[in-house]
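Take a look at this single chain in structure tokens; it is the form predicted alone.
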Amino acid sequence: MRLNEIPSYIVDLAKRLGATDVAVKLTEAQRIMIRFSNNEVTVSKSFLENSVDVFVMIENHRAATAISTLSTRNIRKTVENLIKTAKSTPPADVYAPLPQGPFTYNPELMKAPKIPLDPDNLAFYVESSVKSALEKGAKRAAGTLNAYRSKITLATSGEVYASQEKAGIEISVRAFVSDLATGHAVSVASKLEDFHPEEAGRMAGEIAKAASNPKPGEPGKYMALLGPMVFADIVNQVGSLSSAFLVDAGQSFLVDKIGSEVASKKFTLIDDPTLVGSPGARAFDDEGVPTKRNVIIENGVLKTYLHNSITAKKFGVETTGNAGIIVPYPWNLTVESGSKSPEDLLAEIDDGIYVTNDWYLRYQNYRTGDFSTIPRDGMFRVKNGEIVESIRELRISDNMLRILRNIVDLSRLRAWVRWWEVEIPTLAPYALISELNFTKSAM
């Protein structure tokens, strides 16, 4: 059986075995990963990955699984077991049949730009990024470059059969002047003309150089400038926790907030997978519904949660085209830009802190939004609109809703961010936040 025949085969098989609804997503991916450290390429690997996600319903009994061994025998055995599992699961309180197709999709979203997967060419991008970091004063640079092409084929019992190509190239570069003086930047693109490894290297090198000789910072509440890497992490949380599944489970600080002011009027957040050529562009969701531009927060007011057909029925609304196999989630987050440059925002700080990166964002309470995260790489004390020294050993310990409401302004400059701390592609500006709470950290 050919790969592209597998989704329809599973749909037919599951229906014969008793499923009322079936969705099958085949992902074929070719990926090149290059790792580098101490200014040199250390590992170059190629990956060919094929996998199938299967979701079945027997009315309001549900089950899902993933299949990586795609032999006919294994597929049949897995689907038989999946049907048995679905029959034995407790019934859900809502049954919503999978949306009935066929649908019409934007043809521009179905094709992907050409991304080269030749390791020698890709190594050139690594070398240019490292060179830029060193020219800005870094002693060494390390990181990862990933380039991929993939194809998603979806078949459902709702008469959907569709395929979409995807491609992308991303570099994450960390520059070092010393173990305590580091800088980090990324370049994330789905088209070569949008890929700027030299710029990522330059930014990482500049931050690392400026971060030399850091001193322990003083805990307290400060006016803070958050770079796109940090603000994208916060925006990812807002986008992810706007999932109606998490709202319904009570695991979101956005519960019961539709129509309420949850952020500053400066803040508008959109999930827009219809942006052709952007990193998270998608033509259809995992139920086959055409994706669309969803305004999650507009001028500070929460406008919608993100839905699949099941959560939509439960909330009495239409699906937003954000279905994952089980949980709806955002595809491609964008924050509307402000009107000032990052330098203008920095100049507005009389006594504050500039944070360039963070990691390990963890919640104390999902429902209230209390969390903490550790600033990583360059962090700077700012006085009278200028950086006066490099600091360390502080943790951001605050509340998501309070941060959103304390947004003072946003930059017109935005950057696409995705790395292991920021899972969803996010177009984020610099953000000026008032009274951001910093506590002591040992890191």
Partner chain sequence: MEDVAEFIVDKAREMGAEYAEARLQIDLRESIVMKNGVLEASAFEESRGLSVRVLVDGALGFASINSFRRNDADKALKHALRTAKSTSRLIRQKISMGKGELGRGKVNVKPRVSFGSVDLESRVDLLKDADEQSIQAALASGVKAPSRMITLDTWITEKMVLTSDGANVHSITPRAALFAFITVFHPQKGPTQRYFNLGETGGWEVVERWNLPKTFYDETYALSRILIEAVEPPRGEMDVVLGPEVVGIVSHESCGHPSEADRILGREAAQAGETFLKPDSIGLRVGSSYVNVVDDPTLKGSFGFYLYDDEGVKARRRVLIKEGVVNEFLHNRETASVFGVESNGSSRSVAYNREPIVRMANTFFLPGDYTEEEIFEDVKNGLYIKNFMEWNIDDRRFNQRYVGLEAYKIEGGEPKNLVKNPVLEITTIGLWSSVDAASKKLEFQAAYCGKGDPMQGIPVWTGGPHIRLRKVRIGGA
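Positions refer to the first chain, counted from 1. Only a predicted model underlies this, so the values are computations on that prediction, with no experimental measurement involved.
There is another form of this protein, the form predicted together with its partner chain, and it is not shown here; the text below is about that form.
Site annotation in the predicted complex: the residue of P216, G250, P102, P107 reaching within 4.5 Å of its partner chain with a heavy atom is G250.
Among the residues I258, A347, V276, A92, the one placing a heavy atom within 4.5 Å of its partner chain in the predicted complex is A92.
Proximity of K265 to its partner chain in the predicted complex falls outside the 4.5 Å heavy atom cutoff.
Contact between E393 and its partner chain in the predicted complex is found at the 4.5 Å heavy atom cutoff.
Though the partner is left out of this view, S163 does not reach within 4.5 Å of its partner chain in the predicted complex, counting heavy atoms only. Heavy atoms of H307 never reach within 4.5 Å of its partner chain in the predicted complex, leaving it off the interface. With the partner omitted here, the stretch from 155 to 163, 199 to 207, 336 to 344, 120 to 128 that lies within 4.5 Å of its partner chain by heavy atoms in the predicted complex is 120 to 128. Residues Q30, R31, I32, M33, I34, R35, S37, N38, N39, E40, V41, T42, V43, S44, K45, S46, F47, L48, E49, N50, S51 are the ones in 19 to 57 with at least one heavy atom within 4.5 Å of its partner chain in the predicted complex, listed in sequence order.
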